[in-house]
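Take a look at this single chain, the form predicted alone, given in structure tokens.
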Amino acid sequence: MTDRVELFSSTYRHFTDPVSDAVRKETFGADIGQNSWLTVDEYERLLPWLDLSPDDHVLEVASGSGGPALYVAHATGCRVTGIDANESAVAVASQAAARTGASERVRFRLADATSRLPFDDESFDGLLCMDAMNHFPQRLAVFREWRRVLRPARRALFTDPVVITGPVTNDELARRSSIGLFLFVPSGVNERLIEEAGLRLVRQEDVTENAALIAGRWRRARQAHEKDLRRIEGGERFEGLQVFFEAVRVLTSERRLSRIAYVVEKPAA
């Protein structure tokens, strides 16, 4: 866990460096500060599943740099609260909100998504968690917290990018999880845990193609900026991340690890 914290801390400390900006633009095209497999086109397609209105208040779990939360606020008119366990991420996100004049509608705070959330019952009209569920080992407890903080009949949207859908060797799993703590689950486990937590599965969709596409682009963009990235990251970390991105590309392209989007709903009172 320490290695993952240090990796992400380093990522966010250098998030606004010119080389980081260049890599994101080459990877995602439309750069909203994402640090996942999410593209703007995909977000625009998935966000309507939450059925949000401008009066709503949304919680983003694992909000990272804050860019996606700011995008949601702009696209929907909602208020957004983002939480992340990484202090550097919260600092970068808060600075981005202030820089764009969005601090009144979009706020960020330090919080552990795997513990009791620092919010009252039924505080939110929607919840987002993009490509971070795989870092939460106590998944049933996480779902139960989501149910607690959601208002009745409101929804959560999340993606799990490491659902096991084919044969994977231990070496491949090690490369895919080389940046820290990962929980790999076979098909059907998320669905069962959603039900056990008292949520209702509304919709799910295979969005693996985006992970395969972005992983390949990310690796190539990093390779094009190798000299600057080695200066920032060091040689060992640069090479390790290149191995990681190639593992993601291969496993998702071959559909042995799949990325699934889920929409769940808290039952009406």
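Note that the structure is a prediction, hence the values are computed from the model and not measured. Residue indices: 1-based, along the sequence shown.
FYI, the form predicted together with a small molecule isn't displayed, but the following is about it.
This chain is displayed without the small molecule, yet in the model of the complex the stretch 35 to 43 from 229 to 237, 35 to 43, 48 to 56, 204 to 212 comes within 4.5 Å of it by heavy atoms. The partner is absent here, but in the model of the complex a heavy atom of T114, alone among S177, T114, T81, S94, sits within 4.5 Å of the small molecule. Checking R139, R148, H135, H74 for any heavy atom within 4.5 Å of the small molecule in the model of the complex turns up a single hit: H135. Contact check for V163: every heavy atom lies farther than 4.5 Å from the small molecule in the model of the complex. Proximity of M130 to the small molecule in the model of the complex: non-hydrogen atoms within 4.5 Å are present.
Taking the partner from the other structure, the small molecule in the model of the complex has no heavy atom within 4.5 Å of any heavy atom of N190. A residue is said to contact a partner when one of its heavy atoms sits within 4.5 Å of a partner heavy atom; F245 fails this definition for the small molecule in the model of the complex, lying far away.
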